[in-house]
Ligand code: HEC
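The chain below stands alone and is given in structure tokens; this is the form predicted on its own.
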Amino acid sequence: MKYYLLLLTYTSLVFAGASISPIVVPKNLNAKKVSLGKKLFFDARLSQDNTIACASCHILSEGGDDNMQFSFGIKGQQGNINAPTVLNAVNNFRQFWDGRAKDLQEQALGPVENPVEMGSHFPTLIKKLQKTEYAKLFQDAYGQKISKENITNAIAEYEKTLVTPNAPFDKYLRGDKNALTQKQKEGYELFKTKGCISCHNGINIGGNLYSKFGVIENANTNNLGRYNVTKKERDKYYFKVPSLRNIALTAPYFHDGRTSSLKEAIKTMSQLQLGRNFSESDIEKLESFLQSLTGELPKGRKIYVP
């Protein structure tokens, strides 16, 4: 334990100057593919029974998730892991909590055929969409008929646009020292010196590495995390570190949605990951800083249900 705390102190000092970059709006995307991907994202016809769209679990106006502990799919089935936000997901180094998808396109494959989520089968879905307006839209955007590859590519191209720039903290990083309150500035200093920045850094303030959930104390989770993918003992309870962007909007927190309180989430992390008991004052300052990470949300649209 003492060795770990010494290592953590050293790491905190190293990462105190770690780079956290402002969100950058993507450029040079194919407009036709983005438009097509947006239509697909909000279309419940992608699901077996025409009831669930990507946007059902990723509500853009509410932080890019659904604010539920576990999402519901077709036939009222409930999942067993908290839906991560789709906002700024393009900046994550892997997708899903266990990192099983390498990018947004590979991630889009999962929910469509997951029997608990959309419950579709791509060959059947393609025949279904080919009889609709999508036949012409895919021909216009891709110069070919509908396929699994261009369905997921279009969704991914749209999701690349779902970034949230100009958070107060982004403005602060760009030089506007008045963009944060004094309390938020103090929270940011604590974020660096207490060790939070050791895992939460980079453009997404997270989303760029795996970490064990329960470094210091047992996290009491039944989900084995990365181990479910690799089957390697050393990967048990390792998860992709989530992005902290828009964190004030994405409760409940953690892969199992164990708390809806941001203060409680901070307290949990301080104990399980850092082996520290933050004071109430420190927790309030850290929460205030995290609230400065809310950026400009993208405009959504209504889910299309035939």
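From 1 onward, residues are counted along the sequence shown. Just so we're clear, the structure is a prediction, and the values are computed from it rather than from any experiment.
Below, we refer to the form predicted in complex with this ligand, which is not included among the displayed structures.
Checking a candidate spot here: are C54, C57 and Q107 all in contact with this ligand in the predicted bound form (at least one heavy atom each within 4.5 Å)?
Every residue of the spot touches this ligand in the predicted bound form.
What is the one choice in L249, A44, V34, L262 with a heavy atom within 4.5 Å of this ligand in the predicted bound form?
If I apply the 4.5 Å criterion carefully, the residue I get is L262.
Of the residues Q184, S120, N201, T85, which one places a heavy atom within 4.5 Å of this ligand in the predicted bound form?
Among Q184, S120, N201, T85, a heavy atom within 4.5 Å of this ligand in the predicted bound form occurs only for T85.
Closest heavy atom of V112 to this ligand in the predicted bound form, within 4.5 Å or not?
Yes, V112 sits close enough to this ligand in the predicted bound form that at least one of its heavy atoms falls within 4.5 Å.
Any non-hydrogen atom of F72 within 4.5 angstroms of this ligand in the predicted bound form:
Judged by the heavy-atom cut-off of 4.5 Å, F72 is in contact with this ligand in the predicted bound form.
Using heavy atoms and a 4.5 Å limit, would one call W97 a contact residue for this ligand in the predicted bound form?
Close contact exists here: in the predicted bound form, W97 approaches this ligand to within 4.5 Å, heavy atoms only.
This ligand contact at K128 in the predicted bound form, heavy atom, 4.5 Å:
Although this ligand is absent here, K128 would stay clear of it in the predicted bound form, with no heavy atoms inside 4.5 Å.
Only one of 128-136, 141-149, 193-201, 169-177 gets a heavy atom within 4.5 Å of this ligand in the predicted bound form; which is it?
Among the candidates, contact is made by 193-201.
Would you give me the residues of 255-274 that have any heavy atom within 4.5 Å of this ligand in the predicted bound form, in order from first to last?
Those in contact are H255, L262, A265, I266, M269, S270, Q273, L274.
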